[in-house]
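As a starting point, one isolated chain is supplied in structure tokens, in the form predicted on its own.
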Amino acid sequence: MAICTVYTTQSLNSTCTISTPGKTHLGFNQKHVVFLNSSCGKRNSKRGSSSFISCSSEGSETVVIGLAADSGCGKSTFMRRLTSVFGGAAEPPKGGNPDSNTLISDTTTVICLDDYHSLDRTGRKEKGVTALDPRANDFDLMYEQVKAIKEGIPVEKPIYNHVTGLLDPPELIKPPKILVIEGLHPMYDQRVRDLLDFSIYLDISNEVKFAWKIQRDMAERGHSLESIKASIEARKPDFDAYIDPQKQYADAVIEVLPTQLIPDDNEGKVLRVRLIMKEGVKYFSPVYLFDEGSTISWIPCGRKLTCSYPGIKFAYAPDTYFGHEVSVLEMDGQFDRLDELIYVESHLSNISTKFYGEVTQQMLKHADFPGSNNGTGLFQTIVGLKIRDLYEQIVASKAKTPVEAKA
């Protein structure tokens, strides 16, 4: 039976609990107590001992966001849009491993779940598994460390080096206000999934993914069409088995499809993008066009929105997705002038902006980002604003909740 004692430390304005949880591997220095303004943590260094001391100040619990997608589907661009909404550029840890995958800003820390590969590149090749296969990943460590960070405890997180394909020495991750875990498996393990305050899935259709990969690998890397097709086909069984099913758990899905405005289009340059938003998610209200709950089809091209061929079409409607009630906002086509986006923005509601035109401002700010002229950039920006709003609501809710000591 766990024995819990509550102490009050005036200088830290925090509560400390002593308990006896099961064995974990948090990875931080077991002989060092780390004191921060908001939290501290120490595990007893004696072998076989299970006592654990943790301290967390009132309202300091980290908000955790999960972003799932296959490789090459725009996760890094989305991360840059998201961190920009909170202000301050996200950069690698200063003075750390130059090949670190972590990005840190004033408010957010983004960690790449590739860092929880249990096998390096050579090990995966020897065992005949891909990085998408759960057997190549350490979900126990992922869960324990994400849980620790959420509770305000620093961890020593491993680093997967994408350059060498090796596992590098770990790096210290301190609890931020917002932790984003991005990669192949943020919603695969139910324990990790249950830690998420909000989850997003980037769902790129096979046709668009193939077109994107051809444009990148043939033009920039000199790969042959045959090798590109072979690479995609080799990954597909594991993607279908382990990655794609995660979208059923997502609170929001950004689905990228071939355009319906150009018959038999196979270039993948003009896109149809759907923002699928789950109903009933705490602190999240779906965006709607014109009239909430209605079915809307809107072609805004004209005097207030410049549209070259094939034009732009928006749609909005309630729907179901994997048995869940959802609202779906859709954009097909691309913008000619981003400054005219303000016209579209003025017809959207529940976008969680702080001032008129904030969506347009964010889009213009990152006009050089991929997808800035179509629905991928628009919906990524809107989801970023919704996450900011969700974070602020969670913080406000915790501020109203009295501190309770539980044994």
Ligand SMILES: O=C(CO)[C@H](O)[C@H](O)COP(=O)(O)O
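As the structure is a computational prediction, the values presented were derived from the model and not from experiment. One rule holds for the numbers: they count along the sequence shown, beginning at 1.
Beyond what is shown, the protein has a form predicted in complex with the ligand; the following relates to that form.
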Task: Pose source in the predicted bound form; superposed partner the ligand; site open or blocked by backbone or C-beta within 2.4 Å - done: open
TODO: Verify the contact flag for Phe198: yes if a non-hydrogen atom of it lies within 4.5 Å of a non-hydrogen atom of the ligand in the predicted bound form, no if not.
DONE: no
Task: Touches the ligand in the predicted bound form: Lys313 (any heavy atom, 4.5 Å) - done: no
- [ ] Using the partner position in the predicted bound form, report whether His162 sits within 4.5 Å of the ligand, counting heavy atoms only.
- [x] yes
Open item on the list: When the contact criterion is heavy atoms within 4.5 Å, does Ala131 count as touching the ligand in the predicted bound form?
Closed with: yes
TODO: Could you work out which of Lys278, Lys174, Arg235, Lys177 is the residue within 4.5 angstroms of the ligand in the predicted bound form, going by heavy atoms?
DONE: Arg235
- [ ] Please pick, from Lys150, Lys247, Arg274, Arg121, the one residue with any non-hydrogen atom lying within 4.5 angstroms of the ligand in the predicted bound form.
- [x] Arg121
Task: All of Ser71, His117 and Leu184 with a heavy atom within 4.5 Å of the ligand in the predicted bound form - done: yes
Open item on the list: Which is the contacting stretch out of 313 to 321, 154 to 162, 287 to 295, 257 to 265, given heavy atoms within 4.5 Å of the ligand in the predicted bound form?
Closed with: 154 to 162
